[in-house]
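You are given structure tokens for the same protein chain in two forms, set apart as structure 1 and structure 2.
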Structure 1
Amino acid sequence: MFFHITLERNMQLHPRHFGPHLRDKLVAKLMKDVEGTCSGRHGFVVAITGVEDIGKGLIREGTGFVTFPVKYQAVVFRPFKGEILEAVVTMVNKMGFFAEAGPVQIFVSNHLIPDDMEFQSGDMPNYTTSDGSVKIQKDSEVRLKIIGTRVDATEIFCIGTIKDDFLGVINDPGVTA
């Protein structure tokens, strides 16, 4: 789910950047440092939408660096337990399948796939119902529910299920091709 939140960060700037474009340099460094990162609390910082305030800089003793407290707004993406997402399948194996929803990876175990779907190996491994009417393969779109999340330093990984009502395949690439 996307959020729009205000964050604060202490930015250090080397004296070579001091000058009439100090603010621009600070904003550029902020964007470079923060956009694309992932934190456990806020999720992926997708984009910075505005800088609210830049506080007074404090010179650090011993070095020439100056630390500025910067308050900024950003769009972040973070999955939550219980959330319903539409994801695209990236890999299928006998343990389950992997899917991607934005920057987040989700794994759906075969235990959380409906019992009437069986794994079929081959060039294009997939899960298929016994009558062949529903198939989950690479590039299929599925609606799933997040049941657990784990955060690493740079990414968030989720476990999902399609075993509940109104979950499962939305779009089979084999049909629409």
Structure 2
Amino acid sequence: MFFHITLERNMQLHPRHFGPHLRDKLVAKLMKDVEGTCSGRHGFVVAITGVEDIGKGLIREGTGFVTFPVKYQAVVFRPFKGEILEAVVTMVNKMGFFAEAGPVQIFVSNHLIPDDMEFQSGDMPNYTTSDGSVKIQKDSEVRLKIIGTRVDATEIFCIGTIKDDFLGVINDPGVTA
């Protein structure tokens, strides 16, 4: 799920950046350092939408660097147990498949894939129904449900299932229209 939240961070800036464009340099450094990162508490920072406040700088003794407290707004992505996501399959093996929904990698075990789908090895490993009508392979788009998350300091891992109503393949790259 996506959230729009206010975050704070202390930014260090070298003295060579001081001048009329100090604020621009701070905002650019903030975007470079923060966008695309993950914190276990808030999730993945997708984008910074605005800077609310830049506090007074504090000079670091011995280095000349200045630390500025920066308050900013950001869009973050944090997956939750029970959430339904659409993801792209990145790898298929006999244990299940991995899919990505934005920055999150989700593993779907073969026990959480419908019983009528079987693993097929070969050039393009996949899970296929007995009649061949549905195929999960690399680059397939699937709708899945998150049944578990594990949050580390800098990463979020998810386990998903497609063994439920309205879940499964929504777009198969192997089928041409």
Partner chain sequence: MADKAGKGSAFPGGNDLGSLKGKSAAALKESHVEIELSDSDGEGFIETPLPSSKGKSSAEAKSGKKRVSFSSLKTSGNNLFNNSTAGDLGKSSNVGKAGGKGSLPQATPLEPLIAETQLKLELELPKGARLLMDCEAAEVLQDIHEHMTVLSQDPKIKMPESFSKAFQYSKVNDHYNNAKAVRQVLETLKLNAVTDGEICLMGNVCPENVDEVYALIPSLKGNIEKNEVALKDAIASLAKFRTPK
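Counting starts at 1 with the first residue of structure 1 and goes up one by one along its sequence. The term rigid core refers to the maximal set of C-alpha atoms that superpose within 1.5 Å between the two forms. What you are looking at is a predicted structure, and each value in this text was computed from that prediction instead of being measured.
The second of the two standalone chains is derived from the form predicted on its own. Relative to the larger rigid part, the smaller one has turned by 12° between structure 1 and structure 2, according to C-alpha superposition.
Taking the core as the reference frame, the CA atom of Arg16 shifts 4.1 angstrom between structure 1 and structure 2. In the core-aligned comparison between structure 1 and structure 2, the Cα atom of Asp152 sits 3.4 Å away from its counterpart.
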